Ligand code: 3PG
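Okay, so here's just one chain, in C-alpha coordinates, the form predicted on its own.
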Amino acid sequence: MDASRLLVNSRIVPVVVISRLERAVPLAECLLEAGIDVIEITLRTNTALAAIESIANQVPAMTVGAGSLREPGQIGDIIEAGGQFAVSPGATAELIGAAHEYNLPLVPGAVTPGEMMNLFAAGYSLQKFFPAELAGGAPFLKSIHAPLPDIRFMPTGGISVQKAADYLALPNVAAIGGSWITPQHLLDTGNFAEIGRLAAEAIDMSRVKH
(Lines give C-alpha, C1' and ligand atoms only; values in the text may rest on other atoms or scores of the structure.)
Protein backbone atom coordinates (compact mmCIF):
# COMPACT_ATOMS: atom_id res chain seq x y z
CA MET A 1 0.00 0.00 0.00
CA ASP A 2 2.39 2.62 -1.28
CA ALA A 3 1.28 6.19 -0.46
CA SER A 4 2.77 7.78 -3.59
CA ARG A 5 -0.54 8.36 -5.33
CA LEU A 6 -2.27 9.68 -2.22
CA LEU A 7 0.43 12.27 -1.56
CA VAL A 8 1.46 12.94 -5.16
CA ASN A 9 0.53 16.64 -5.07
CA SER A 10 1.74 17.38 -1.54
CA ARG A 11 5.30 18.61 -1.10
CA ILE A 12 4.92 19.87 2.46
CA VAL A 13 3.66 17.58 5.23
CA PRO A 14 3.40 19.26 8.65
CA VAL A 15 4.32 16.81 11.41
CA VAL A 16 2.21 17.74 14.40
CA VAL A 17 2.06 16.75 18.06
CA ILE A 18 -1.41 17.61 19.35
CA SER A 19 -1.81 17.58 23.11
CA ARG A 20 -4.96 19.70 23.22
CA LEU A 21 -7.83 18.29 21.19
CA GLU A 22 -9.52 21.66 20.70
CA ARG A 23 -6.55 22.78 18.59
CA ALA A 24 -6.97 20.05 15.95
CA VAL A 25 -9.76 21.42 13.78
CA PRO A 26 -8.66 25.10 13.83
CA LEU A 27 -5.16 23.96 12.91
CA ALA A 28 -6.40 21.91 9.96
CA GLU A 29 -8.54 24.82 8.75
CA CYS A 30 -5.60 27.20 9.11
CA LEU A 31 -3.29 24.97 7.08
CA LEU A 32 -5.92 24.49 4.37
CA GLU A 33 -6.38 28.22 4.03
CA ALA A 34 -2.61 28.60 3.57
CA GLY A 35 -2.58 25.93 0.84
CA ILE A 36 -1.49 22.81 2.72
CA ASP A 37 -3.96 19.93 2.37
CA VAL A 38 -2.17 17.10 4.19
CA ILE A 39 -1.24 16.71 7.84
CA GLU A 40 0.53 14.05 9.88
CA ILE A 41 -0.62 13.72 13.49
CA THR A 42 1.97 11.81 15.49
CA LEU A 43 0.81 9.05 17.80
CA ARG A 44 2.76 10.49 20.71
CA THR A 45 -0.13 11.81 22.81
CA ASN A 46 -3.34 10.42 24.24
CA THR A 47 -5.30 12.86 22.07
CA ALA A 48 -3.74 11.88 18.74
CA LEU A 49 -6.42 9.47 17.54
CA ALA A 50 -9.21 11.79 18.68
CA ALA A 51 -7.51 14.64 16.82
CA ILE A 52 -7.35 12.53 13.65
CA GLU A 53 -11.04 11.69 14.02
CA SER A 54 -12.03 15.32 14.55
CA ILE A 55 -10.13 16.49 11.48
CA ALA A 56 -11.43 13.62 9.33
CA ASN A 57 -15.02 14.40 10.31
CA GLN A 58 -14.97 18.19 10.37
CA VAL A 59 -12.35 19.11 7.75
CA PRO A 60 -12.90 16.57 4.95
CA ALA A 61 -10.76 18.51 2.47
CA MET A 62 -7.70 17.77 4.63
CA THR A 63 -5.87 14.50 4.07
CA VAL A 64 -5.05 13.38 7.59
CA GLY A 65 -2.61 10.66 8.54
CA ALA A 66 -0.92 9.21 11.59
CA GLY A 67 2.79 9.48 12.30
CA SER A 68 5.14 7.60 14.62
CA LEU A 69 3.44 4.29 13.77
CA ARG A 70 5.31 1.50 15.56
CA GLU A 71 2.94 -1.39 16.29
CA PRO A 72 0.74 -3.36 13.85
CA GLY A 73 -2.13 -3.11 16.35
CA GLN A 74 -2.22 0.66 15.90
CA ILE A 75 -3.30 0.38 12.28
CA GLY A 76 -6.88 -0.65 13.05
CA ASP A 77 -7.20 2.29 15.44
CA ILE A 78 -5.91 4.69 12.79
CA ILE A 79 -8.44 3.48 10.23
CA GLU A 80 -11.28 3.58 12.75
CA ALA A 81 -10.40 7.18 13.54
CA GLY A 82 -10.53 8.09 9.85
CA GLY A 83 -6.81 8.24 9.16
CA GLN A 84 -6.03 8.02 5.45
CA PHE A 85 -2.35 7.09 5.66
CA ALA A 86 0.38 6.34 8.17
CA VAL A 87 4.07 7.11 8.53
CA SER A 88 6.52 4.94 10.44
CA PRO A 89 10.07 5.76 11.59
CA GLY A 90 11.21 2.34 10.40
CA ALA A 91 9.67 -0.86 9.10
CA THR A 92 9.16 -4.43 10.25
CA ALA A 93 7.69 -7.36 8.39
CA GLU A 94 4.77 -7.37 10.82
CA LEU A 95 4.05 -3.69 10.23
CA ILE A 96 4.20 -4.06 6.47
CA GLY A 97 1.94 -7.11 6.65
CA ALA A 98 -0.66 -5.30 8.76
CA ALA A 99 -0.67 -2.30 6.42
CA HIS A 100 -1.39 -4.63 3.50
CA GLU A 101 -4.06 -6.49 5.46
CA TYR A 102 -5.90 -3.26 6.29
CA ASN A 103 -5.17 -1.58 2.94
CA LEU A 104 -3.68 1.44 4.68
CA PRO A 105 -1.30 3.57 2.59
CA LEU A 106 2.00 3.64 4.44
CA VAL A 107 5.20 5.67 4.21
CA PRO A 108 7.71 3.33 5.88
CA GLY A 109 11.00 4.62 7.20
CA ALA A 110 14.41 3.70 5.82
CA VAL A 111 17.89 5.07 6.38
CA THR A 112 20.27 2.65 4.62
CA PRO A 113 20.38 1.56 0.96
CA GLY A 114 19.61 -2.01 2.04
CA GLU A 115 16.48 -0.96 3.89
CA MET A 116 15.43 1.18 0.95
CA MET A 117 15.88 -1.65 -1.52
CA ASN A 118 13.92 -4.09 0.64
CA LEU A 119 11.03 -1.66 0.98
CA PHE A 120 11.04 -0.96 -2.75
CA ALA A 121 10.91 -4.71 -3.41
CA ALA A 122 7.88 -4.84 -1.10
CA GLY A 123 6.13 -2.23 -3.23
CA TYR A 124 7.04 1.01 -1.47
CA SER A 125 8.42 3.59 -3.88
CA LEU A 126 7.77 6.45 -1.41
CA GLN A 127 9.73 6.11 1.81
CA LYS A 128 10.43 8.20 4.87
CA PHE A 129 14.08 9.13 5.36
CA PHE A 130 14.52 9.53 9.11
CA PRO A 131 16.24 11.06 10.99
CA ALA A 132 17.12 13.10 7.93
CA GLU A 133 19.71 15.54 9.20
CA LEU A 134 21.52 13.08 11.45
CA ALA A 135 21.52 10.41 8.73
CA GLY A 136 23.33 12.53 6.16
CA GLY A 137 20.74 15.04 5.08
CA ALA A 138 20.29 16.35 1.56
CA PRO A 139 23.82 15.40 0.45
CA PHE A 140 23.15 11.74 1.30
CA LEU A 141 19.86 11.68 -0.61
CA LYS A 142 21.52 13.36 -3.58
CA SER A 143 24.26 10.71 -3.59
CA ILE A 144 21.88 7.74 -3.71
CA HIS A 145 19.64 9.04 -6.49
CA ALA A 146 21.77 7.54 -9.27
CA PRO A 147 21.98 3.98 -7.85
CA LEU A 148 18.37 4.03 -6.57
CA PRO A 149 16.57 6.15 -9.20
CA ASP A 150 13.08 4.73 -8.69
CA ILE A 151 12.73 5.54 -4.99
CA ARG A 152 11.27 8.82 -3.73
CA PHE A 153 11.64 10.09 -0.20
CA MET A 154 9.86 12.14 2.41
CA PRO A 155 12.75 13.23 4.64
CA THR A 156 11.83 14.13 8.21
CA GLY A 157 13.85 14.92 11.29
CA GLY A 158 15.81 18.07 12.04
CA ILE A 159 14.72 19.90 8.89
CA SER A 160 14.46 23.64 9.44
CA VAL A 161 13.03 26.34 7.23
CA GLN A 162 16.60 27.22 6.27
CA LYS A 163 17.34 23.68 5.05
CA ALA A 164 14.00 22.80 3.51
CA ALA A 165 14.78 24.23 0.08
CA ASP A 166 17.90 22.05 -0.23
CA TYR A 167 15.76 18.94 0.16
CA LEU A 168 12.95 20.14 -2.08
CA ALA A 169 15.40 20.81 -4.91
CA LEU A 170 16.39 17.12 -5.07
CA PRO A 171 14.76 14.99 -7.79
CA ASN A 172 14.24 12.05 -5.44
CA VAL A 173 12.46 14.08 -2.74
CA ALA A 174 8.70 13.95 -3.21
CA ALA A 175 7.85 15.88 -0.04
CA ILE A 176 9.35 16.93 3.25
CA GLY A 177 7.92 16.41 6.69
CA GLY A 178 8.59 18.96 9.37
CA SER A 179 7.43 20.46 12.61
CA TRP A 180 8.76 23.97 12.05
CA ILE A 181 5.41 25.00 10.53
CA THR A 182 3.49 24.05 13.67
CA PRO A 183 5.87 24.63 16.61
CA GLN A 184 4.50 23.54 19.94
CA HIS A 185 4.47 26.98 21.52
CA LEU A 186 2.28 28.34 18.72
CA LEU A 187 -0.11 25.41 19.00
CA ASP A 188 -0.30 25.70 22.78
CA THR A 189 -1.16 29.40 22.58
CA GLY A 190 -3.49 29.03 19.61
CA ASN A 191 -1.48 31.42 17.46
CA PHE A 192 -2.94 30.26 14.16
CA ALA A 193 -2.13 33.54 12.44
CA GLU A 194 1.59 32.84 12.81
CA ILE A 195 1.14 29.17 11.88
CA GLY A 196 -0.68 30.32 8.76
CA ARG A 197 2.19 32.63 7.89
CA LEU A 198 4.73 29.81 8.30
CA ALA A 199 2.56 27.49 6.22
CA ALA A 200 2.25 30.03 3.40
CA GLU A 201 6.01 30.54 3.51
CA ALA A 202 6.51 26.78 3.21
CA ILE A 203 4.16 26.60 0.23
CA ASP A 204 6.14 29.30 -1.56
CA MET A 205 9.34 27.37 -0.87
CA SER A 206 7.81 24.14 -2.20
CA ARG A 207 7.58 25.64 -5.66
CA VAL A 208 11.32 25.06 -6.07
CA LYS A 209 11.94 23.40 -9.44
CA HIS A 210 13.95 20.15 -9.73
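The first residue of the sequence shown is number 1, and the count goes up from there. Since the structure is predicted, the reported quantities are computational estimates derived from the model, not experimental observations.
Heads up, the form predicted together with the named molecule isn't pictured, but that's what we're talking about next.
- Task: Name the residue from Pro26, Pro183, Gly35, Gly158 that puts a heavy atom within 4.5 Å of the named molecule in the predicted complex.
- Result: Of the candidates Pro26, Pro183, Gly35, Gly158, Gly158 is the one lying within 4.5 Å of the named molecule in the predicted complex.
- Query: From the list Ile195, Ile12, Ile18, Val15, which entry has a heavy atom within 4.5 Å of the named molecule in the predicted complex?
  - Reply: Among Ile195, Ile12, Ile18, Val15, a heavy atom within 4.5 Å of the named molecule in the predicted complex occurs only for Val15.
- Taking the partner as it appears in the predicted complex, which of 125 to 133, 110 to 118, 76 to 84, 97 to 105 has residues with heavy atoms within 4.5 Å of the named molecule? So the stretch in question is 125 to 133.
- Message: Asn172 versus the named molecule, in the predicted complex: is there a non-hydrogen atom within 4.5 Å?
- Response: Contact with the named molecule, no.
- Might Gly178 be said to contact the named molecule in the predicted complex, defining contact as any heavy atom within 4.5 Å? It does: once the named molecule is placed as it appears in the predicted complex, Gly178 has a heavy atom within 4.5 Å of it.
- Using the partner position in the predicted complex, report whether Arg70 sits within 4.5 Å of the named molecule, counting heavy atoms only. No, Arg70 is distant from the partner.
- Can you tell me which bits of 39 to 53 touch the named molecule in the predicted complex, meaning any heavy atom within 4.5 Å? Going through 39 to 53 in order - heavy atoms within 4.5 Å of the named molecule in the predicted complex - there is one hit, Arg44.
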